[in-house]
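Before any questions on binding or motion, here is one chain by itself as C-alpha cells, the form predicted on its own.
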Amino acid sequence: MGDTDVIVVGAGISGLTAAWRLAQAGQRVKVLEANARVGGRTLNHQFASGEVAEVGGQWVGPTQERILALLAELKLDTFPTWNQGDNLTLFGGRLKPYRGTIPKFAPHVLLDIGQAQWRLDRLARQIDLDDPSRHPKAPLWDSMSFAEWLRRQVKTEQARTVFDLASAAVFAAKPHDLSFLHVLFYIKSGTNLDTLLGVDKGAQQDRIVGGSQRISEELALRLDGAVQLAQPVRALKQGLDHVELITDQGSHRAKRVIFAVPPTLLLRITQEPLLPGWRDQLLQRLPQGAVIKCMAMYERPFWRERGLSGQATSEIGPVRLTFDNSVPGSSKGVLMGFIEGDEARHWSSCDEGERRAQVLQCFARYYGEQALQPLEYVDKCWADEPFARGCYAALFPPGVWGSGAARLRQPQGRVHFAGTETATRWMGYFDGAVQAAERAAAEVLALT
C-alpha cells in the first residue's frame, strides 16, 4: 500500500479539492490524472498577444458560497463579465436590442414566458435536493421530458423557442434530452431560473483573473507533488483492506479511492468486483452534454462602440448565444459563442475551417462584417476530449431519478464518488464540484 491513504482519480476542481481537504486533515494522498494537465473541464487558452481566456468552464456567481470561499482561500480574484450596453436578439429575421435576461417580445409572448417561468420556479421549490424522487409527483415528472412539459404548458412558438435556448445554455442539450424532474431539481439546485440564466446577480456574473484553470493549478501546487499526470486508470481491484488501481504506468494502492470524473467514464474502467448492476445501468443512461466553445479575438471590442454588450441570442444557429469574453486591461476584444446540443454533434464532425467560417458568419450576423476578420480564432469541442466526452455535465433523461440516481453518490465499498454530477447544490457548476469534493472527503475522514 505504500504511504498512500487515499487516491483521488481526476485532477479537476472536484478531485483536487477533495485531495486538498484530505491533506489538510493529515491524510497521505495521491492524485491520478489521465490528461497531461490539471483542470478537468476547465482549460485556459493563451492568445498570441498574451491574453488568457477560457475554452472550458469559466463563471462563478452569487449563492455559490463554496467556490467563492475556495477562491478566497487560494487568493484568486474575480472580475465581472462585461455586461454594459444593449443585448441583441434575432427572432423572426429581425435583429433587435434589449436589456436584461429575456428579449423583448409581443406582450402575449412575454406573458407566456413569465407564466411558465413562475410555474417552473414554484414547482422547483418543492423538490428535495437530496433525492428528487421523494416528491409525490416525481413518478409523473420523471416520466416526461422537459419538451413534453413545454408542449403542454407553453402556448406560443416563440416562448417555446426561448426555453429551448435556455435548455441549451444551461445543459448543452435539447428539452427532449432531459427529465422534467431533473430540470426542476437543477433550477432549485441553482437557486432559481433567473439565477441560472442571469449575468448580473446570476451564474454568469464573474470570471477568474488569469482564467479558471488556475483553480486547479493552485490546488495542485499546494498538494506538493502528489499529482501524477498522464495516468489514465484502466482497472480497479478492491481488496478487504485496500484498493489497487492499474494505469498505463503501473499499479497504485491505497486504503480508499475517490473518483472525481464524469459518470460515463466510470464504465470505461475494468472493475473487480464488478459494479452492482443498478449502478452500472444508471451510469449507462447518463451521457454528457454536447458543446463547442468558440472564441475570436479582434484588434478592439468594436461592438462596444455601438453600445452593445456582446451578448446575443438567436433562433438561428449554429451559434445561438454569444458573450463578450474580453480580458480587462487589454485593448483587444474577444467574442465568445456556443454551439450546443445536436448542432454541436453535427459541427464536431465537420471540417475545422468550415466550422470556423460558420461561427464567424454568426458573429457577423449579430455584430457586422468586422467580425469576419479576427486576429485569432480558437474553438474547443468537448465531446472529442477523451477524458471528458462532453460538457457541461451529465444529462439526466426521463426515468433516471426514479431509478435511484440519488444513490450514485453513495460509496461502493472502499470507493467514493465526487464530481459535480454528485452535488445537491449547483450541480454542473464549479460550486457543485466543491460541494461534492468536500462531502466525499468527509466520508473518507469519518471512516479513518
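Sequential numbering from 1, following the sequence displayed. None of the values given here were measured: they were computed from a predicted structure.
Heads up, the form predicted together with a further copy of the same chain isn't pictured, but that's what we're talking about next.
Participant: Please name which of the stretches 65-73, 383-391, 50-58, 23-31 has residues with heavy atoms lying within 4.5 Å of a further copy of the same chain in the predicted bound form.
Facilitator: Single hit among the candidates: 383-391.
Participant: Is R285 one of the residues lying within 4.5 Å of a further copy of the same chain in the predicted bound form, judged by heavy atom distances?
Facilitator: Heavy-atom contact with a further copy of the same chain at 4.5 Å: present for R285.
Participant: Look up in the predicted bound form whether T264 has a non-hydrogen atom within 4.5 angstroms of a further copy of the same chain, and give yes or no.
Facilitator: The answer is yes: T264 has a heavy atom within 4.5 Å of a further copy of the same chain.
Participant: Taking 4.5 angstroms as the cut-off for heavy atoms, does R152 touch a further copy of the same chain in the predicted bound form?
Facilitator: Judged by the heavy-atom cut-off of 4.5 Å, R152 is in contact with a further copy of the same chain in the predicted bound form.
Participant: Using 4.5 Å between non-hydrogen atoms, is D177 touching a further copy of the same chain in the predicted bound form?
Facilitator: Answer yes; at least one heavy atom of D177 falls within 4.5 Å of a further copy of the same chain in the predicted bound form.
Participant: Taking Q158, P328 and P374 together, does each of them reach a further copy of the same chain in the predicted bound form with some heavy atom inside 4.5 Å?
Facilitator: No.
Participant: Pick from R300, R345, K237, R99: which residue has any heavy atom within 4.5 angstroms of a further copy of the same chain in the predicted bound form?
Facilitator: Contact residue from the list: R345.
Participant: Sort through D200, E148, E354, D128 and report the residue having a heavy atom within 4.5 Å of a further copy of the same chain in the predicted bound form.
Facilitator: Filtering the options by heavy-atom distance leaves E148.
Participant: Counting only non-hydrogen atoms and a 4.5 Å cut-off, give the residues of 392-423 close to a further copy of the same chain in the predicted bound form.
Facilitator: P398, G399, G402, S403, R407, in sequence order.
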